[in-house]
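Next comes just one chain, in structure tokens: the form predicted on its own.
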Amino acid sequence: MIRCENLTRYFGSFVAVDRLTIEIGRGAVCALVGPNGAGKSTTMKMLCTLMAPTRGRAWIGGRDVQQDKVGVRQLIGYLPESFQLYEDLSVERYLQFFARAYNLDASMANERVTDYLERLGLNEKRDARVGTLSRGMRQRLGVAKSFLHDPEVVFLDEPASGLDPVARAELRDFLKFQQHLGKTVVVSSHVLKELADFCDHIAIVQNGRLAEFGPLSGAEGVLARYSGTAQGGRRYSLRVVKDGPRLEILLKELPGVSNVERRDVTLTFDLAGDEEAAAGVLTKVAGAGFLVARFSPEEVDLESVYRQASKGERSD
């Protein structure tokens, strides 16, 4: 549904997107993640025909984003990170206005507006002026507008920004509903834990380049590829009572231990080997006089995949 071949964008001498090659199938919900300045928004703008690539090509539904801009725009919905709203309209009239602009007939417009107001927790605000809405409410209204015309592909740039936990849950359920309808959705966000609840693919960009891409689950999925360490073991977390630098020194000297990192009061590290190797580390730590509060293998999630992919530490 979405295909890019060596998509590149320069701003002067700065490379914002560097030879991006990626293919996202119909019905996929793909998390596009990376630090600020990684090229996420620029990539979305090029795919939405709002910015011309310096080099490379891209297609949406088989239509070239440069050669067939009108055709592409008929297939997509887009919510930018910052967007303008008609503040004097009520919430319901705002959506009705765009429904008619998208050529929905009156019956379909009423049905879809009513449905989306309910699904995104906006029903109680349907008569309120858009200008009185909180930031989170505005975000939800923008999401509703992006899907209103039943597009095949939707790009959402930081849609969870400003949302409280309840609103994020409503957004998650709404996107699952759209996926059930076969929509292809690309979501840019820093809220990785929220993305894991509804995304089935992930694309990690770093300095304009694609660091990792693929389905999340399955034997060949990204989570499976990062479930171990480069030496064939696992990553562990360790917390002791009265921690200090001596523990880090000890861990770094143990055979099979690598990539020791501190996260607040917890130390994490890669360990080559099986459960016997883990038991050996625990024995050494306890034997050195440390009182162990917690020692366990880390569960692989989007955040750990992102950290490792950003440093090029995938386990193959």
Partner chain sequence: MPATPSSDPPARESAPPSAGTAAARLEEADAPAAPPDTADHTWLQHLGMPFYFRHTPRPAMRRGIFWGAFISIAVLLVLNLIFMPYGRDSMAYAIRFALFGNESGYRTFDAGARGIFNQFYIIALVLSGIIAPLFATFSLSNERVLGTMEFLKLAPLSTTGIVLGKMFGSVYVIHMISGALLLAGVPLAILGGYPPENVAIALAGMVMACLLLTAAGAFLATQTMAFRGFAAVAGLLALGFFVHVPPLAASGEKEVGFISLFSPWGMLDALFWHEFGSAWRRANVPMLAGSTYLAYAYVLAYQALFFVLFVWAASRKLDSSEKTALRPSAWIALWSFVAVGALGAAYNADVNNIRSLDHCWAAAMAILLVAGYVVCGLALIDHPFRRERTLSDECERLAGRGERASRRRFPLHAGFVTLLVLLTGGLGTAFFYETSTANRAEGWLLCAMIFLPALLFLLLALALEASAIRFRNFVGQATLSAVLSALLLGLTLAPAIHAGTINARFNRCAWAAENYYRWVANDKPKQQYYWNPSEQLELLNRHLENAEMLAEMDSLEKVQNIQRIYQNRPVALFLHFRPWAYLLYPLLFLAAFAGLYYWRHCAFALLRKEAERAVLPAAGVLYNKSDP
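Here the structure is a predicted model, which is why all the values come from computation and not from measurement. Numbering follows the first chain given and starts at 1.
Not pictured, yet referred to below: the form predicted together with the partner chain.
- Item | Contact at T8, Q74 and M108 by the partner chain in the predicted bound form, all three, heavy atom at most 4.5 Å | The answer is yes; T8, Q74 and M108 each reach the partner chain.
- Pick from 278-286, 64-72, 248-256, 263-271: which stretch has a heavy atom within 4.5 Å of the partner chain in the predicted bound form? That would be stretch 64-72.
- Task: With the partner chain left out of view, choose which of A144, A160, L216, L210 has a non-hydrogen atom within 4.5 angstroms of it in the predicted bound form.
- Result: Checking each option against the partner chain in the predicted bound form, the one that comes within 4.5 Å is L210.
- Query: Though the partner chain is not shown, can you say which of Y236, Y94, Y116, F198 has a heavy atom within 4.5 Å of it in the predicted bound form?
  - Reply: Of Y236, Y94, Y116, F198, the residue with a heavy atom within 4.5 Å of the partner chain in the predicted bound form is Y94.
- Query: Hey, in the predicted bound form, is V15 touching the partner chain, heavy atoms inside 4.5 Å?
  - Reply: Judged by the heavy-atom cut-off of 4.5 Å, V15 is in contact with the partner chain in the predicted bound form.
- Message: Residue-level contact is defined here as any heavy atom of the residue lying within 4.5 Å of the partner chain in the predicted bound form; does V29 satisfy this criterion?
- Response: Taking the distances in the predicted bound form, the answer for V29 is no, it never comes within 4.5 Å of the partner chain.
- With heavy atoms only and a cut-off of 4.5 Å, decide whether E23 touches the partner chain in the predicted bound form. Taking the distances in the predicted bound form, the answer for E23 is yes, it comes within 4.5 Å of the partner chain.
- Item | Residue contact check: K193 to the partner chain in the predicted bound form, 4.5 Å heavy atom | Outside the cut-off, so no.
- Give, in sequence order, every residue of 89-113 that has a heavy atom within 4.5 Å of the partner chain in the predicted bound form, or say none if there are no such residues. In sequence order, L89, R93, Y94, F97, F98, R100, A101, Y102, N103, L104, D105, M108 come within 4.5 Å of the partner.
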